[in-house]
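One chain is shown next in structure tokens, namely the form predicted alone.
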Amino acid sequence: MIEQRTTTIWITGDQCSHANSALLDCDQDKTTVLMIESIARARQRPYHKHKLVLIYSVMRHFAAELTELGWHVDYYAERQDFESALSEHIDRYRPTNFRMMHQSEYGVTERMTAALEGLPCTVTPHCQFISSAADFESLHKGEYSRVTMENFYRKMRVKTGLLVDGREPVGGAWNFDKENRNPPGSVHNFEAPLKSPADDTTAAVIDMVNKHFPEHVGVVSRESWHLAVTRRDALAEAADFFDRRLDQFGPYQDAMLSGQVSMNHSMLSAYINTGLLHPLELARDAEQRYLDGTARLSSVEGFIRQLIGWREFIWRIYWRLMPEYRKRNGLKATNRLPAFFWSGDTDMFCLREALTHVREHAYSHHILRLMVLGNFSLLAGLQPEEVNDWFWAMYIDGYDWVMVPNVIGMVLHADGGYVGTKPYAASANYINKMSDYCKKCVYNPKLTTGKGACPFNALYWDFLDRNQDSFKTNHRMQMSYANLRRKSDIEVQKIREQARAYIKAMAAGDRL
């Protein structure tokens, strides 16, 4: 007979932190930690295999660490669903109450507590964020007002004390983004990140994922696996980034180079979002590198801004505006996601490169996400929720709270301008400037219409043309519309026809 343990702490795959607030102030002798691998949950979307392996392996390693620390862990591996495992746990242990940390996805906490057969449940705050709802709400002037990320970021800098002297920014500016926009050029130094090889636990997870999800995107094996699945290995990868890439991260963070997946980016976001690393510890480590003189201020500030500025900002937007936010479609975009987003089968080199990164690594850095994949989705008028779900399924660091504000808001401007004051729309000129992609492409970045013209160009001008009512009063769009007005009626008509031809080809599944 199993000794009754009165409390069960239910921990899910994106909460594998020893700072998990549900673990705090609990009597280990009277507590069971419950962890469940649900095959049904992983089939709700066609999640990339790398993402599934990461989450399941992190869970198994975390369970082993908790056991070593004296916790009693009831772990259900490779179960068909949450419900049957939960019922089995309750029958076996007969807990009188549950505890869980608040879930990151809207509505999941409520669904989980409703499944507890009437047992009371204490929900504790999420431990992976620095801001409070009050921090965000204090900047709003009314229910429907918007807050810029820059103002929120400054508040978070003062709150954390990062790179501030009193209440003033170190270096005399809050934001050094203008120094961080260098194209790759002919001279660059992009260091390969540290790799964490698979152990026997991860190898078993790889076998399990390949067995249950053979149709999902991604090729994964023990030999090719290189991601951290423990806090120890994640910390080692973070230290490697600070030692070898942080200083050069800033200048080239917007650059794109064929064959380069990581560039000088940290590649740490997936570890933060599963709980292995905390954003504040990373921000403080980065600040120390500036104070030690081993990393330039513009790089350190840019890295810290991503952690305590942008990441916190989108978290607060998600919880302020859900659930209706994910349904927004302010530009009335209705075109279906083209098949090549899944296959990578396109002649457009920039898109093929970005999609190759995603298919092979479940990752691409933020400029490929925003200015290649996202920009194309915006210009082509792709349906926002479908684009959001693709990003959610395919990216190893993607969760609902991550993708909804980023995709619906920043990428597709479908939220009416809550996240960004202007859409991130650009022609091929931007990609040509910031990468070497156009040199290797069959399309000409300087042509807008006719044979060999880059689809980004006609789609860009058509986007401006068809959305004039939405942006005609936006002062940040006036230069773009002045350039559109310089085009003759005949030229605009040719652009419309070319753009429609691209849209028709994508809908028919033709190669673009």
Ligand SMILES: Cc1cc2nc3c(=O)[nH]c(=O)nc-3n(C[C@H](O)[C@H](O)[C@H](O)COP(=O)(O)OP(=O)(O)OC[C@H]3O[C@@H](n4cnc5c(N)ncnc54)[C@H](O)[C@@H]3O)c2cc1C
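When you see a residue number, it is the position in the sequence shown, counting from 1. All values derive from a computational prediction rather than experimental measurement.
Missing here is the form predicted together with this ligand; even so, the following discussion is about that form.
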In contact with this ligand in the predicted bound form (heavy atoms, 4.5 Å), from 285-293, 79-87, 210-218, 357-365, is stretch 357-365
All three of 330, 470 and 484 touching this ligand in the predicted bound form at 4.5 Å, heavy atom to heavy atom? no
I need to confirm a contact call. Of 398, 275, 250, 95, which residue comes within 4.5 Å of this ligand in the predicted bound form, counting heavy atoms only? 398
Of 370, 121, 203, 73, which one comes within 4.5 Å of this ligand in the predicted bound form, counting heavy atoms only? 370
Can you tell me whether residue 311 touches this ligand? I mean in the predicted bound form, with a 4.5 angstroms heavy atom cut-off. yes
Even though this ligand is not shown here, does residue 265 get within 4.5 Å of it in the predicted bound form, heavy atoms only? yes
Using 4.5 Å between non-hydrogen atoms, is residue 402 touching this ligand in the predicted bound form? yes
Might residue 103 be said to contact this ligand in the predicted bound form, defining contact as any heavy atom within 4.5 Å? no
Can you list, in sequence order, the residues from 373-396 that come within 4.5 Å of this ligand in the predicted bound form, counting heavy atoms only? 391
